[in-house]
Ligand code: PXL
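This document opens with one chain alone, in C-alpha cells, the form predicted alone.
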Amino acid sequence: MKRIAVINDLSGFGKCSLSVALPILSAMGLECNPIPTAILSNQTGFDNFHSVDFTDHLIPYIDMWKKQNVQFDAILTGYLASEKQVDIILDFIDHFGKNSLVFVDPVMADDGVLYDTYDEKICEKVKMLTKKANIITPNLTELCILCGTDYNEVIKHPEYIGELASSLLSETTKTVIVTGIKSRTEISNLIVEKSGSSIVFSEFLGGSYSGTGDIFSSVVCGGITKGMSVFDAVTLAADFIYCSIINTPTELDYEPNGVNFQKHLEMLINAK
C-alpha cells in the first residue's frame, strides 16, 4: 500500500485538514500518516475555538519516524502555524523526501487577505517550502504572494495568471495548480506545467465552505500518487467537491462545518 505523510492541523469539528485527509486518502486505497501541527476543538471559522500548538512535539514525533526508517511515496503539507514549524518541515522533506512526491499547499491567505496568524516573515518561509515541492496548489491570493505581485492588479488582468504560475516552475517544481479561480458562473483550476497548461472548470455554486482546499489537495495528491495524470486527478477533485457542496445545507451557520463529502467517497474508491 502506498503511503503519504500528511502535515496539517487537526480539528474536532469543521471538516477540514487532517479530518478530511484521513478518510479521503483511505478511501483511495492509500495509507495516510498524519503529523498534526496543531489540535483544535473546532476549526477557526467558528465563533470560538480552543487550540493546542503542537510545535514543541514535532521534532520528537518525527525523530521516532526516523528511527523506524519509514519511507513515503508522497509528502503533503498544509497549514503551518509558525516559522519554526516551517523549518522543521523543511528538515523533514530533506530527510524523507528524496524519493517522494513532495506536494505543498501553501496555505497563507485568501480573497486578497493574509490569514490572521501570518505575516511577511512566515510567508517568506513558506516560499522556501514551495521551492522544495514537485507540485504546489496556491489559490490566487497565494500565487500573488509567491510571485510578489499585487492581488488587485491580477484580479483586473486575469490573463496574466498563467504567466505568474509559469514563473514558479523549476527543476524541482514541475506543476503549479492555481485553485479556485472564480467568475460569476464558474470556478476553475489552472494547471501549468513546462509542457503547457490546461483548465478544469466547475459550476460556481456560491457560498464559502471550510475544508474544500484540504479536500482538493488530498484528492489530487492521492490521485497522482496512485498513478493518475494531473489533469485527471484535478478533475476528480473538482467533481468530488461539486457533488459534496450540492449535498450540503446552504444555511450560513452551517458553512464552518464544511461539506458533506462522506456521501461521495465511493467516487474515490472507484477512481482509477
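Just count from 1 along the sequence shown to find any residue number. Computed from a prediction, not measured in an experiment: that's the story for all the values here.
Beyond what is shown, the protein has a form predicted together with the named molecule; the following relates to that form.
- A heavy atom within 4.5 Å of the named molecule in the model of the complex is found for one listed residue only; from Leu40, Ile245, Ala27, Val230, this is Leu40.
- The chain is drawn here without the named molecule; in the model of the complex, the stretch among 206-214, 27-35, 221-229, 57-65 whose residues come within 4.5 Å of it by any heavy atom is 206-214.
- Interface membership of Thr235, defined by any non-hydrogen atom within 4.5 Å of the named molecule in the model of the complex, is ruled out.
- For Tyr151, no non-hydrogen atom is located within 4.5 Å of the named molecule in the model of the complex, even though that partner is not displayed.
- None of the heavy atoms of Phe72 is located within 4.5 Å of the named molecule in the model of the complex.
- The named molecule in the model of the complex comes within 4.5 Å of no heavy atom belonging to Tyr160.
- For the three residues Ser11, Cys16 and Thr44, a heavy atom within 4.5 Å of the named molecule turns up in the model of the complex in every case.
- Residues of 108-140 that come within 4.5 Å of the named molecule in the model of the complex, judged by any heavy atom, reduce to Tyr115 alone.
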